[in-house]
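One chain comes next, on its own, written out as structure tokens in the form predicted on its own.
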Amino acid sequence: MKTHPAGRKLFAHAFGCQMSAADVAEMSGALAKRGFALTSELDEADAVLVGTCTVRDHAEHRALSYIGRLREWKTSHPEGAIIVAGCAAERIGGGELKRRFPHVDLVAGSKSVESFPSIVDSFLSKRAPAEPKTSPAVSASGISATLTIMRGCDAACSYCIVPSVRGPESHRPAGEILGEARLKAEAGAREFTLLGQAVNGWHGAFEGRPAGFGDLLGLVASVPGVERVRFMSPHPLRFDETVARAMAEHPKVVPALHLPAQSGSDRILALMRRGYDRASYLATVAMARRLLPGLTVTTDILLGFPTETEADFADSLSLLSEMGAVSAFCFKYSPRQGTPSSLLCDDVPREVKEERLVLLHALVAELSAAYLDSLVGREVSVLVDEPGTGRAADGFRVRLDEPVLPGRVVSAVVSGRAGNILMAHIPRRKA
């Protein structure tokens, strides 16, 4: 393989979801192996990598606006390279992106993540002569790291552009996933989040036998150095007792479940083509709680879907309370070109969407506050990722009363909260 000169710096920025961030991290790793060191300062970079998202209109516009502003950076760094990657790049296409932004040097869409090393080799070889260099070791991005276990999606949700920009499902081999986990754990990662568009649909083989997502959870949890395992985002249709039992059997798999509902209205769920109704979704949550006592559940709500009425929206509000959600990500619907729902009239006025979003956020804040207040006086396990602060198993941030070093897991007693951050002290154990 052709190698490249050392001493160059890369500035990377991802817009959108965790999958976008994971793709940028993987592409950054490929560039690191070709002599680029990551920098947090745009002005000192020799290359800029922008990960784009197109799941929602707002995320795509933010990314495109940022790319436009990079014209100024290019003027002051004429030899620098601007690389645009991700789902919006896939949807718009390299030709159109370069027409709109002539200062962009390379476009690599979301379907090119796995082939990015060869793409960037070809690109770099045309820009500068290569000098032999040994690739640096793979490094983890701090205490917490991601593991992309599958790409693409076979679901047919009417509002979602992911299947067209990421393609059909493809599942990484278990051995490859575990190899990456071991490398990142050796580099200091203690917590892993498994990622996929419908992550619990992963299946493959291990040591010659079929393996499902529950098996993979246990395998990753068994990697030396791993303290915690999470995953995002499972599809409710694929979340069954096998996965819930695997979570219960492996203590390092956190008892926290993010299960996107999208709506609490059966009528809207049918229009969304989610494949389940309110009752079956709630039954799945109840099953998970039965097998995992103490489980915390969070969700996604997509409001303002075409024809959504006040009654439909009220169903989403009541779902959050009925399922016992401790938090939720809430989004306004925006039509994505080429999806079935884009053929429907986007008839919920923008101001109504804004009003409903405010109401949703207010309810979520109320539910989170009630849950966090219920923890006062209780002991929680904290994985420290910054001196004196970390995350509890439920995902909420915890500020400790002493500067514990990153990488440790400590037990702490909750004394209160500041917003959504828990305040806690480490109890003095008797000798």
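Position 1 is the first residue in the sequence shown; the rest follow in order. The model shown is predicted, which means the values in this text are computed figures rather than measured ones.
Here the subject shifts to the form predicted in complex with a small molecule, a form of this protein not shown in this document.
Taking a 4.5 Å heavy atom cutoff to the small molecule in the model of the complex, the contact residue among L217, A244, C160, A81 is C160. Proximity to the small molecule in the model of the complex, defined as a heavy atom within 4.5 Å, holds among L292, L106, A256, L302 only for L302. Residues within 4.5 angstroms of the small molecule in the model of the complex, judged by any non-hydrogen atom, belong to 332-340 and to none of the other stretches in 332-340, 172-180, 119-127, 277-285. The small molecule is not shown here, but in the model of the complex it comes within 4.5 Å of a heavy atom of Q262. The closest heavy atom approach of R56 to the small molecule in the model of the complex falls within 4.5 Å.
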